[in-house]
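Okay, here we've got a single chain as structure tokens, the form predicted on its own, with questions on binding and movement later.
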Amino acid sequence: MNMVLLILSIILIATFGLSNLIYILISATTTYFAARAKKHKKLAFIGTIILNVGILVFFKFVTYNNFFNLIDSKNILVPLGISYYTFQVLAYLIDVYKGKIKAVTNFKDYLLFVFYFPYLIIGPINRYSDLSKTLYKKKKLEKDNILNGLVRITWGLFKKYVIAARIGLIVTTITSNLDYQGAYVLLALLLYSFELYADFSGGIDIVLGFSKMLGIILPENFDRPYLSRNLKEFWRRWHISLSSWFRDYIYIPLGGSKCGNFRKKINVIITFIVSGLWHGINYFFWGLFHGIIVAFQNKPNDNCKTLKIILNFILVSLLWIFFIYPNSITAFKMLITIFYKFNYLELFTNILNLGLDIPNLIVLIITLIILVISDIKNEKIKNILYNNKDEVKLIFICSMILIVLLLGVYGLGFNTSDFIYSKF
């Protein structure tokens, strides 16, 4: 079964272009042999790190962002999932070098760890020490795993195609016309928070659900992030696999919190700047602002909890400005208009010209309420769904499929097949 899974992953990756297969094979091969190196171990380690980081930087800054217009990047295809598999193999190599784990001796097993298709598109970023516990086990298609996996997959499809895709129509309408300023920008940012969350966590639900069906356990990537009371707590709940990667392989090597208070704050800021640059050169200020705020925030308490959650949600939403506009200069210009252009009445009267008619707006409002409630009552809902009778699970699965088919936004004229975070 593992060999079948590996072959299928290789075929699926190759369908996106042969270059995808070549680059991921380079990362897999170099890190596999570097981890097993006996002689010149340090040289092999450093050289392999430089090679893989160099390939990532090349595609991130030179081609994808057309950094400084160094080359014509139109005909260069960015490898599928390059950020995810590069961070994954680097973590593996560093952990082997530091003696935290043993090097894999079976090349086929290591290829499955790197090539496993579902998480290449959107994550999560996996640690070999965790994933290997279930990845290599003999696969048995068990009823509970299949049903629980399908529950999660259909919930992810609901978030992606019913909620995120609908919001995307409004956000795209506003951000594609720079005449939409002030209240329009604020609306786009608040909605984009839900769009990104529904799109990204929905994709993760699909990946984790599919893996669950095979008995493979992947790490959770979200823990109700918009219920956070400040940014420090938000980053313990949002894109957890990436946050923990930067903590373990950037922040701690810089000195972490084991140095003076001032140095600790600098380490936090540097880590977030690197995180911003991981997304792309245009996200430098997004990382910088998050880093500064997190560095100087105190541990949240439960006083005025609801108010803190609302204020933090607004702050996070405002900082998404660098995600919805093409460059930092435009982002700053549009952000400023929120604080001096109070055109809320105009927005209200023009709301039906932003991509959705009344029936679709009603659907969006209802489904957003469902999303919020599902986060607030997360544990209770999970217990009801996953620990209930098979009949209840089947009803939920069929209901979600029907809802997605009837209310999902897809088909001709819509570009909702790609997940937002797949481009990173």
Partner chain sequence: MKKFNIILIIICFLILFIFLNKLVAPKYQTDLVEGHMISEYYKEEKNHEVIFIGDCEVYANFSPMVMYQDYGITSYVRGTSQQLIWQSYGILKETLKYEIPKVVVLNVNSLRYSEPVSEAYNHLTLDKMKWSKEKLDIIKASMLEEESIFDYIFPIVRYHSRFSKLTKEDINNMFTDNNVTYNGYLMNKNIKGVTTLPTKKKLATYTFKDNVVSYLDKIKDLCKENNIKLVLIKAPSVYPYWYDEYNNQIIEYANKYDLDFYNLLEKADEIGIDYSHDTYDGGLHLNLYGAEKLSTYFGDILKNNYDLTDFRLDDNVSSIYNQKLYMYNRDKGDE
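Computed from a predicted model, the values in this text were never measured in an experiment. Numbering follows the first chain given and starts at 1.
In what follows, reference is made to the form predicted in complex with its partner chain, a form of this protein that is not presented.
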{"item": "266, 273 and 327 all contacting its partner chain in the predicted bound form, non-hydrogen atom within 4.5 Å", "value": "no"}
{"item": "Listed residue that, although its partner chain is not shown, lies within 4.5 Å of it in the predicted bound form (heavy atoms), from 401, 18, 25, 11", "value": "401"}
{"item": "Single option in 49, 363, 371, 385 placed near its partner chain in the predicted bound form, where near means a heavy atom within 4.5 Å", "value": "363"}
{"item": "Among 393-401, 25-33, 38-46, 372-380, the region lying within 4.5 Å of its partner chain in the predicted bound form by heavy atom distance", "value": "393-401"}
{"item": "Non-hydrogen atom contact residue 54 with its partner chain in the predicted bound form at 4.5 angstroms", "value": "no"}
{"item": "4.5 Å heavy atom contact, residue 147 and its partner chain in the predicted bound form", "value": "yes"}
{"item": "Its partner chain contact at residue 166 in the predicted bound form, heavy atom, 4.5 Å", "value": "yes"}
